[in-house]
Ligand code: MSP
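Here we start with a single chain on its own, the form predicted on its own, put down as structure tokens.
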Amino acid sequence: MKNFFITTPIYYINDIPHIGHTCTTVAADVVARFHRAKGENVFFLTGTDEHGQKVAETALKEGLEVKVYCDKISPRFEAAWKNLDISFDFFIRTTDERHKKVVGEILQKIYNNNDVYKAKYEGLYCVGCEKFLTETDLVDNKCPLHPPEKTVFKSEENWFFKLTKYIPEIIKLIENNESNYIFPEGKRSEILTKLKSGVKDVSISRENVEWGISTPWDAKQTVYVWIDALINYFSATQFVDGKKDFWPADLHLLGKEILWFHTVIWQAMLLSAKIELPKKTYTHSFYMIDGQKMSKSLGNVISPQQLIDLFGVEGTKYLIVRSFPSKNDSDVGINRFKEKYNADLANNLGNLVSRVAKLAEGQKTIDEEITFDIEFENLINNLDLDEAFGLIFNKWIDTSNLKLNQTTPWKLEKENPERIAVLDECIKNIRKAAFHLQILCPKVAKKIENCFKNEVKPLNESLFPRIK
């Protein structure tokens, strides 16, 4: 069996799960289920990033020891993904001693390759991003992603990684069509422009952040949280049973704020440590909530549980993929989600299945082998999720609803050949739709399959009850 290794970012635990985390995780789940359905051996990795200054500060505010705080918050992410029926294979935590051991081994390789040196850093630092900022990161001398007070001047002596040494090779890799690993194209162009405008070496340790992994060759410094976090993708394959053959990763799924770390710094670290590079990174954009940036202070943060309570597990996942911010930011809101849910799931899909099951009750069905539509397959591979699941509706569901309304088979006698032929066509379309929906809504797909297997049986319940 062919191996397929997919990862989400590991989520930083100074916050609880929200719709931004959810969209990346749902997208990864869809891709993982797609490759499993094609008979591949899949390793789907997600988890939490638990070291660094922000975590320590948040724990202090809550009056908890840092590890106690991590043990309190990390399970919320794991529970959120289980509640959403996310089919991850392993949930990694950077406080896992096995991960920490691999971090030390990788950094020692980089050090032994003479790619590390000690120097003083002076410049702007975003406490919110927990990263040092370059001129290209700044808007009006501040980090654009966090409040102005989060951008501070720092001066400290750290260990630096010779990133500049690997920039020519990384540029070559990106420009080589056969080995290009950055998608979509806009993100590839963005990184190339930044690389060619000039790059500096990067700090890989901190001198005043105790909550972290000790630098192998200098116990007075801790590994910079971003360096520690990146290594999780490789470390999991080294200590999870039977997963060593899964490296290199086939796909890293990312949000756009972490593009640079994953497509430049991570690649350079692996080149230095002489470890094979991941095959592909896919970077999506952000969610806007009713035209505004999602913010706790604005009170417009949407949690996965809030969506589940309103739309159910599979309704939530459908709404996420149909609003997936693939190339541009996606503007969403609860009212728009309700409209989309009712229009697509309650009215189009739910009513179609219910009508056909009732009209064709007892009718024998033809058991034909169904395979993935090539256009659908290409869209999934390109992470064009809105278009992929829109195709299911355009090709099979909307077509069948139109056919029913045009031919009005309910006006014909049950034994009428025209009625039987129309319902046969609709049944075939519904079964094809269910086959493709299995990678997003497996339980609903199974209910549809059981309804139209061998002999048509009526539905005992609505697939997607209408929401007021």
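Quantities reported herein were computed from a predicted structural model and do not represent experimental measurements. For every residue, the number given is its place in the sequence shown, counted from 1.
The same protein also has a form predicted together with the ligand, omitted here; what follows describes it.
Among R206, H99, H262, K317, the residue placing a heavy atom within 4.5 Å of the ligand in the predicted complex is H262. Checking G255, G350, G312, P278 for any heavy atom within 4.5 Å of the ligand in the predicted complex turns up a single hit: G255. Not one of A27, F91 and N382 is positioned with any heavy atom within 4.5 Å of the ligand in the predicted complex. Exactly one of the stretches 156-164, 186-194, 232-240, 356-364 approaches the ligand in the predicted complex with heavy atoms within 4.5 Å, and it is 232-240. Using a 4.5 Å cutoff between non-hydrogen atoms, Y12 counts as a contact of the ligand in the predicted complex. Among heavy atoms of M294, some come within 4.5 Å of the ligand in the predicted complex. The ligand is not shown here, but in the predicted complex it comes within 4.5 Å of a heavy atom of S285.
Put simply, F246 is far from the ligand in the predicted complex: not one heavy atom of it is within 4.5 Å.
Taking a 4.5 Å heavy atom cutoff to the ligand in the predicted complex, the one contacting residue in 204-228 is W226.
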